[in-house]
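Take a look at this one chain, the form predicted alone, written out in structure tokens.
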Amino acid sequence: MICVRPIQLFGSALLSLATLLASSALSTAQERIMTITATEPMTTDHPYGESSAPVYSMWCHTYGCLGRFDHGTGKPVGILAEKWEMIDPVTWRFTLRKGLKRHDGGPGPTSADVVHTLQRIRTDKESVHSSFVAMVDAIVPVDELTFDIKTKQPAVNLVSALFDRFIVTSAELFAKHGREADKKFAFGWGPYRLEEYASDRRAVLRKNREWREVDGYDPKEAPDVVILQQMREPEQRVTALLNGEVQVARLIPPQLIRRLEGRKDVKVEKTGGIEVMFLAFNNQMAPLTDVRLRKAVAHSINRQLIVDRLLGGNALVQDGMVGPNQFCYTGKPDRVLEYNPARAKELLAEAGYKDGGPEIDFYTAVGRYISDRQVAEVVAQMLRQTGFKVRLHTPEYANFWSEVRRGRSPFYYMGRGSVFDASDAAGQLYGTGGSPRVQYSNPKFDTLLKQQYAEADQQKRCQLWRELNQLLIDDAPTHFMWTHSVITGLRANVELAVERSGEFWLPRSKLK
């Protein structure tokens, strides 16, 4: 049975490792324990109740997902699935691995579990994953281990869209226990078993010693116990790393890198990121329904200056959804929205604000993204310099995200993670009928997006993406900012490959 108990933190200090382990009876002296800082809210034990790359990764490691994308090789790798192929333009066939056991000794994953997963994602009131499976028409079992995913239209990107986010859960356990299965019987087939979940505090994972990778790799040197410890404050993460309280500190802001340099007991990993940061406009909320005002915002922002001065050069300015770190990048777009404050003032005058204005409310999370509050403060100041009257709001992330997800935020700074193949993110953010976050709709964009889903020829598909990228710049439903370098602090005895998504695959990590 899964142990779910509250954890009390004393002030802002992290409990000592010994105290943590004693409180949960987790470890023996021989076990290797890796503590990783978590910056994402972990507000629910519902496997489909949160939408963020770190949360998908946690459930993928425990329940198991179909597969993952290996950024080192540039290829998808199976986890629960051992093979997959396109049968026809609207049918993908998957075969699940044989020989897996559920963490409680139950049977391995079956086609029935996959069908159950799709149904629960779509019908469970707590699920926020329905947009990920919007392209799926049905899942049809072929036999116990083989199933076909039927799509509503051709979807050459299905594998990249679903692989690491389609978290497979047990139909049997849910039929017996309902929602309680998530709380007391969270058993899956992944390389780690969920040992403890404390909402917005930490999650504890224990290695599944029977796990072998699809290629036969034995993760014997991977940590036996992994603690995902909630730490949203960057200073706290760095201090905990330097003190040896954690072995992996995620999302180190550029201004704190110096604290880690010159130390023999820690090291810094930098990876080119694929989380696209942007300024988002609600295209149905006045006054930003006027494209002239949206472009005036874009021309007011000196992105390169922010990257150089505030982010220490640890980001790459990006025009459009697809940039140098993403699939199908074909070079700088033909037309871009560069920093041009004079043009911003002209557009404001054209829109009826010659003498200043309009008044706009601007929102940002605090501590969710690298230097997010500092970036927002600089953006607000740049906007004021060209005439906008800006009110900056910094709500708690849970409240911020709730309003964004429901389409209630007029103007905000945030990111879209794991944008390698941009198809899914573009459909979610900009496709008609997608999520209400920006409420943009353009029939031409929808047509081109549908065409690229069906285009198997990579060169032709990338040309479609060039057109899609240009439409997003010309219509400015959002103003693209940059992709951050992913900066991770590690103790010297840790070997961990940080991927472009900012995530990592624990079975391939080592704790010496």
Partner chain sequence: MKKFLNAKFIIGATCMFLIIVLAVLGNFITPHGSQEQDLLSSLQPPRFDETRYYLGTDHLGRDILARMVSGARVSLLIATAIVLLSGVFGVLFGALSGYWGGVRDIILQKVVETFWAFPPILLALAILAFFGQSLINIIFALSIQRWIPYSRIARAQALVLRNREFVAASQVMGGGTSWIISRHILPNLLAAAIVIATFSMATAILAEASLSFLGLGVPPEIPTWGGMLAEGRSYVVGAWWIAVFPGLGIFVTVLGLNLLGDWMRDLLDPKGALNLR
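Numbering follows the first chain given and starts at 1. Here the structure is a predicted model, which is why all the values come from computation and not from measurement.
Missing here is the form predicted together with its partner chain; even so, the following discussion is about that form.
Within 4.5 Å of its partner chain in the predicted bound form, a heavy atom is found for not a single one of Asp104, Arg193 and Asp215.
Partner contacts here mean any heavy atom within 4.5 Å of its partner chain in the predicted bound form, and among 323-331, 95-103, 367-375, 207-215 they occur only in 367-375.
Taking the partner from elsewhere, Leu288 is found to have every heavy atom lying beyond 4.5 Å of its partner chain in the predicted bound form. Remark: Pro395 counts among the residues lining its partner chain in the predicted bound form, judged by a heavy atom distance of 4.5 Å or less. Mapping the unseen interface onto this chain, Asn399 counts among the residues with a heavy atom inside 4.5 Å of its partner chain in the predicted bound form.
For the chain shown alone, Glu269 is not a contact residue for its partner chain in the predicted bound form, no non-hydrogen atom being within 4.5 angstroms. Screening Arg343, Arg384, Lys150, Lys184 for any heavy atom within 4.5 Å of its partner chain in the predicted bound form leaves a single hit, Arg384. Taking a 4.5 Å heavy atom cutoff to its partner chain in the predicted bound form, the contact residue among Ile139, Leu145, Leu337, Ile306 is Ile306.
In the predicted bound form, the residues of 234-260 lying within 4.5 Å of its partner chain by at least one heavy atom are, in order, Glu235, Gln255, Leu256, Arg258, Arg259.
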